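Take a look at this single chain in structure tokens; it is the form predicted on its own.
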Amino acid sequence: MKNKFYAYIQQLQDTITAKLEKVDGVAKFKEDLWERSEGGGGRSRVIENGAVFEKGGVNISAVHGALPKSMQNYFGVQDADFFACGLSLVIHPNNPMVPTVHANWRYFEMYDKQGNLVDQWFGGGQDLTPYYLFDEDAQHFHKVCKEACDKHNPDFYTTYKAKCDDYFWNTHRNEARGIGGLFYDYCKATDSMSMEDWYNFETEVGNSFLEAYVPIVEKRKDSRYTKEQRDWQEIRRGRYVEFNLVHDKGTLFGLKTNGRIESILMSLPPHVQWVYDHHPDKGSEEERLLKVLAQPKDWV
């Protein structure tokens, strides 16, 4: 399973980066191969200063070795080894009318000291963070997510949409990071879902990503915007940074397992503002976004 899924994310990285380069039309992804001293490594691809994308990363990694003490305590195990691989992406567009997007698809195995497989699971999802809210864009993104889920279980979309709303919540701000999507974790074999079934679901969601995001980019990338709208985008990016550094499990896992810091922090946008006690004008589009972020909404 681990070899099969690692091959899949290598192919998916190629597909996604090729399509995003075509959409941008100017910038190319810079590839960076890296190794982890304790075992494994990865292939990072970063795009910067493009016509459409200000910064983005589409990274894959496969790391293995002894599970660090902090993670042993987290999982409630002792003297375990692990293998983890995944694809993680974050795209920050130039135009504030185009939303930031994040996605992640990952697989994890744990072994005892004799090398026996004792646990395995899939996790992942994809979510959208707009700066200006176009309802039809949110509806499109969620419709694609739901269609991917419905092919495998009619309850998956409702369940994983709710988990996404719960996970991407900035508790210290009491607001959502964005308008959500899907989030699932610890997807293990059950009587109704084998690991092969979970693999098929995981890859279904992965394959749906470009369909969910690219039409929105192409619709909004040439929209006119003002300096004030750009400032708002940078203020909201600050909330994005706060979530990733304070709450995100993937960031924390990477830091605790001696991951590559450049790859872990590639999700951070290049231009961000923190304005003291900032409040948008009453009745503005900026205020409308905040009202939606204060209470998760059903989009489909």
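All residue numbers refer to positions in the sequence shown, first residue = 1. From a predicted model like this one, the values you see are computed outputs, not experimental measurements.
The same protein also exists as the form predicted in complex with a further copy of the same chain; that form is not shown, yet it is the one meant from here on.
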Answer yes or no: in the predicted bound form, does a further copy of the same chain come within 4.5 Å of a heavy atom in every one of D137, P280 and A294? no
Can any non-hydrogen atom of R260 be found within 4.5 angstroms of a further copy of the same chain in the predicted bound form? yes
State yes or no: in the predicted bound form, is some non-hydrogen atom of V26 no more than 4.5 angstroms from a non-hydrogen atom of a further copy of the same chain? no
is_contact(R236, a further copy of the same chain) in the predicted bound form, heavy atom dist at most 4.5 Å: no
Might A66 be said to contact a further copy of the same chain in the predicted bound form, defining contact as any heavy atom within 4.5 Å? no
Quick check for you: of 97-105, 166-174, 145-153, 197-205, which stretch puts a non-hydrogen atom within 4.5 Å of a further copy of the same chain in the predicted bound form? 166-174
Do any residues of 10-26 have a non-hydrogen atom within 4.5 angstroms of a further copy of the same chain in the predicted bound form? If so, which ones, in sequence order? none
